[in-house]
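Just the one chain here, laid out as structure tokens, in the form predicted alone.
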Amino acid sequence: MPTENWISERSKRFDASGIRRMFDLAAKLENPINLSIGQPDFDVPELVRNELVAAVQDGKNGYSLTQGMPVLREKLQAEVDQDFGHDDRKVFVSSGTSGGLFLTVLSMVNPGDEVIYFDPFFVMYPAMLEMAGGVGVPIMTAPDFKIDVEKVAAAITDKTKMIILNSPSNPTGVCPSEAEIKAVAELAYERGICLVSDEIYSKFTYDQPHVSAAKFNPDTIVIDGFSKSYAMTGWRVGYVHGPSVLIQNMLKFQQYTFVCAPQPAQWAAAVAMDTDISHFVDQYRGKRDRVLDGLKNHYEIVKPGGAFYIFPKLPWGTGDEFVDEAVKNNLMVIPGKIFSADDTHFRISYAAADEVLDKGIEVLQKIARRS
């Protein structure tokens, strides 16, 4: 059968996430020291779990409204109105933040449109732009991972449709300063360019309060969700808010793609909004500091201000060589080239138990001394 001939040209233009290679390498490991997974190590809060079960038992298992169930959507709208006070800012519930990102790009980016994003980047950005026929324009932020608004301005052309900002950042964990966010937001507004602010880690900030670009640009599209903050990664509940005409267009695409976010999970997410997770944030601040203290004399690291990632500079070799050595020592980390045009760093996720972090620190100290 000529099955290979059935594969679309679109599919051939990009590879599957390079994270898969790391998992293939580590598949034979027994009880690995896993510092690779980008999801919380704590469980969904009990009240939230109970609400999901109750929703299922009460028969709330059918399709949701495309825009989201009122129990969640109206609560989100009230929060958005209170936080921003914009005259024209509407919210809908997406099938995870990845779904929200994809719908945003699909509804706005034409083939040939240019989209600026910052390197290092979340692995989905270039892939989703490729799917939509857009042209990615990455702006390097290494070595300090700061945003230079003059570089952004210089990258803008008559084809620029969108700028994507991710704060706190995956993979670096860095939070751009309020001044950096303000400069990018105002530049996008002045030039008539759509600004998309990916804020999925907004509740995990440790040294300063989270600042949304929508504070400075009323046309900003904000994408957030419940996956990271409430450990609901498998429940697929995100949300998007922005100008109503854009939200309505995204809903058209949601209707013909994801249809809706899972209804029982939306009832649970409404309860999650009233659930205090500050103790988890405090724990993760401690985990960040634990890893930084353990590695500061062995690696060059830009201190992350949020999320649950650290992005150290490689002490030697390529990312693949370094990760191969880590796997030989039963440790799983991610090569930085998956998130960047440069092959100079690697990603650690400190969303793990403290004893796992201590074992990982010990191995990373050992590997660094090889240089």
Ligand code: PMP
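All residue numbers refer to positions in the sequence shown, first residue = 1. Because the structure is predicted, anything quoted here is derived from the model rather than measured.
From this point on, the text means the form predicted together with the named molecule, which you will not see here.
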| property | result |
| --- | --- |
| Heavy atom of S98 within 4.5 Å of the named molecule in the model of the complex | yes |
| The named molecule contact in the model of the complex: F145, any heavy atom under 4.5 Å | no |
| Interface membership of I221, the named molecule in the model of the complex, 4.5 Å heavy atom rule | no |
| Close approach of I200 to the named molecule in the model of the complex, 4.5 Å, heavy atom | yes |
| Position in contact with the named molecule when the complex is considered in the model of the complex, options T104, N166, Q266, T172, heavy atoms within 4.5 Å | N166 |
| Position in contact with the named molecule when the complex is considered in the model of the complex, options F122, Y299, Y284, Y117, heavy atoms within 4.5 Å | F122 |
| Heavy atom contact within 4.5 Å of the named molecule in the model of the complex, the stretch among 90 to 98, 69 to 77, 150 to 158, 175 to 183 | 90 to 98 |
